[in-house]
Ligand code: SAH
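First, one chain by itself in structure tokens, the form predicted alone.
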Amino acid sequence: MSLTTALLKPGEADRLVAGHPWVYSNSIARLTGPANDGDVVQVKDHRQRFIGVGFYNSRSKIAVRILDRERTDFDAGFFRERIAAALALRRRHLPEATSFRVVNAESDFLSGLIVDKYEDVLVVQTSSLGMDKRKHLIVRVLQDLFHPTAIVERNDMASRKFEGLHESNEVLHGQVPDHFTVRLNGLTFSVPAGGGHKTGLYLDQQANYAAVATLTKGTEVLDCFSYLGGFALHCAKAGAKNVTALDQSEDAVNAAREIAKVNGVTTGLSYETANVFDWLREKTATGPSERLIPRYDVIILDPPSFTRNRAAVEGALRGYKEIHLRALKLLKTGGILATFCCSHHVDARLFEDIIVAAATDAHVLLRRTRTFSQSPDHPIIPAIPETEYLKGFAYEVVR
């Protein structure tokens, strides 16, 4: 097939040859012919050496998203092969899971496409113009591979506007109830159709919910930024003596209470609607001659991302340090801090540096006991740093 070529400037090919799929607009020297937004183009370096083919968009800073290293027709057969390969990966690494991320964009070599499976309902996000224009092919493939009762489009991400796309929330196939039931690690959650965070639940924490819960038997637990109670409910079911869960959304707190009842947890788990920063500040406030008595054996910090871009990192680090400093003051000696950061712009080393600084100010010494990452249905490609965003640690307070 004859394709328009995006010729790169000298020095711009190395990152792409190593596997990164994004060709930035300022990396392109010129196009060899016309190309409409959403069209397939081929990418070559400044010496005319072929690199790959992908979707073009003149309106985006990411001018080309490379999808294949060979000249390929992006038809239903292509999407079937890629999505089937992504599904096989999940079956290998999460064999018992019935709800998981099927396609994780760049991690599965389908830049601009996310597909989440919530039992027999699929939720689709298309964050690039080229992928959005082929949504009908993707839906057809998903119907054939999964036979879902419904496919929902959840395209309300701010990133779509950078591709010249509008928000769109539609039912693409079947009928969707107001809420649908999801199973995670043997627990049942109710997800609002078209509402909630991300596509409904934090599937990237699925493995971590179970891992952290194993640390909490017989303990007093504080779960901050609880949302629908993923960590809190897992801890309660694992035998925690008492769990206090905090979230600033009253709707989320009310939903979490109902979810706890559905799972038979009626005692030992309490939810509060609160701004976590204000709550921690209030609980750690002392008078001139007062001594703060730590009361928790386990504290979980799983805040939403404080950083949407690199310019926000400095403020985010202040926020991370604040919540860790306050939390550590409430944690008993020998207690466990399980803490997470979901910002790509704050790497694991920087995140731990902030935690250590907070520990120093709180006059405690920490021993790291666990390292956490995103669940296996959110694969990490080291050549594509953006695929690694969730990091976490468990620390024991030594003194």
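If you're wondering where the values come from, they're calculated on a predicted model, not measured in any experiment. So that there is no doubt, residue numbering starts at 1 and follows the sequence shown.
We do not show the form predicted in complex with the named molecule, though everything after this point is about it.
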For the named molecule in the predicted bound form, the stretch among 125 to 133, 312 to 320, 281 to 289, 267 to 275 with residues bearing a heavy atom within 4.5 Å is 267 to 275
Exercise for the section: Look up in the predicted bound form whether Pro303 has a non-hydrogen atom within 4.5 angstroms of the named molecule, and give yes or no. Expected result: yes
- Item | Touches the named molecule in the predicted bound form: Asp247 (any heavy atom, 4.5 Å) | yes
Would Gln205 count as a contact of the named molecule in the predicted bound form, using a 4.5 angstroms cut-off between non-hydrogen atoms? yes
Contact label in the predicted bound form: Tyr209 to the named molecule, heavy atom within 4.5 Å: yes
Partner-free chain; cross-checking the named molecule in the predicted bound form, the single residue of Thr216, Ser107, Ser226, Ser99 with a heavy atom within 4.5 Å is Ser226
